[in-house]
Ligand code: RIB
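Shown here is one chain on its own, the form predicted on its own, set out as structure tokens.
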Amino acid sequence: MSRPVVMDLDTGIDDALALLLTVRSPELDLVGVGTVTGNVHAQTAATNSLRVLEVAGATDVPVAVGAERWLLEPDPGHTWVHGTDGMGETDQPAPDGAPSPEGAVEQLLRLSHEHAGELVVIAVAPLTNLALALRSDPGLADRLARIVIMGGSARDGGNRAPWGEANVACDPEAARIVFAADVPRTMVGLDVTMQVTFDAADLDRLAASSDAGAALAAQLLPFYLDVYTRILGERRCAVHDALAVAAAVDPTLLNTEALPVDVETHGELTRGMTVVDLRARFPGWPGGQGPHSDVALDVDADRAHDLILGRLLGDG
């Protein structure tokens, strides 16, 4: 039986792959998409999401524009990673559809009532929309089945800052609100998502497919591969956001442990850091207080890769 899902996106390249994967996963029933400023502006993210959904044949899914700015941080722009259009400078056709008149926060609250106790939120962007929703209606936490977050890092550093992963470090105040909420939560951090990558051979397989979704992925990935080639020194790229969706499809892909997580909001050098108390792994440790998250510590990378690639190819 499929689970109702809302995705919260800042639709750049890996978000687009994650959205395609969600639509193509029968385990998930995508009932709404909300966008937030991150990789691109929230409005651009909505346009990109609508384009992906049209290619995927899911035009019935509403796309709601959310927070255009973060709680405190200014938006410095990240267009060098995803292009000014968020889609790898591929000049995608404008979608036929338009965003919903409903805002992303209002959509989330409405869907949480319609699917009370069942709704899963997959958040692969700055957590501003979720924080605003929780602040507006604290009862939201009781109505959600789970939040799956692509964000943070349990054991390694960050990418936006030395210790700050982008989705958390863009809006640390929002992330702290979400990680403090009393709701089941899975954190799929940068240290784990970097283990699941696509390479030139995967791009070739997507490009050779007659499937429309695979063709879109093949259009988007070269820009992303170029970026990661400059970073890693080899032609492969992490598919961060798609791994969070894969984990919602099949939680056995991850090795997780329930651990306290907080977010640093004041540190001069560590603002945006996810502080994961790994000491709580030891049953006799006297600390470990506060809200826990199911923190991914490892992933079956080969199996996750095959699930993501297979579904992008339309293999089911």
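Just so it is clear, the model here is predicted, and its values are computed rather than measured. Don't overthink the numbering: it's just position in the shown sequence, from 1.
The form predicted together with alpha-D-ribofuranose exists for this protein as well; it is not shown, and the discussion that follows is about that form.
- Three-residue candidate spot R51, V65 and A104; no residue lies within 4.5 angstroms of alpha-D-ribofuranose in the predicted bound form by any non-hydrogen atom.
- Stretch-level contact check against alpha-D-ribofuranose in the predicted bound form with heavy atoms at 4.5 Å: of 96-104, 134-142, 161-169, 207-215, the positive one is 161-169.
- Interface membership of V124, defined by any non-hydrogen atom within 4.5 Å of alpha-D-ribofuranose in the predicted bound form, is confirmed.
- Taking the partner from the other structure, alpha-D-ribofuranose in the predicted bound form has no heavy atom within 4.5 Å of any heavy atom of L243.
- M150 belongs to the set of residues with a heavy atom inside 4.5 Å of alpha-D-ribofuranose in the predicted bound form.
- Although the partner is absent here, V178 lies well away from alpha-D-ribofuranose in the predicted bound form, with no heavy atom inside 4.5 Å.
- This chain is displayed alone, yet in the predicted bound form one of C237, M87, L108, L190 has a heavy atom within 4.5 Å of alpha-D-ribofuranose; that residue is L190.
- Residues are counted as partner-facing when one of their heavy atoms sits within 4.5 Å of alpha-D-ribofuranose in the predicted bound form; in 1-26 these are D10, D14, D15, in sequence order.
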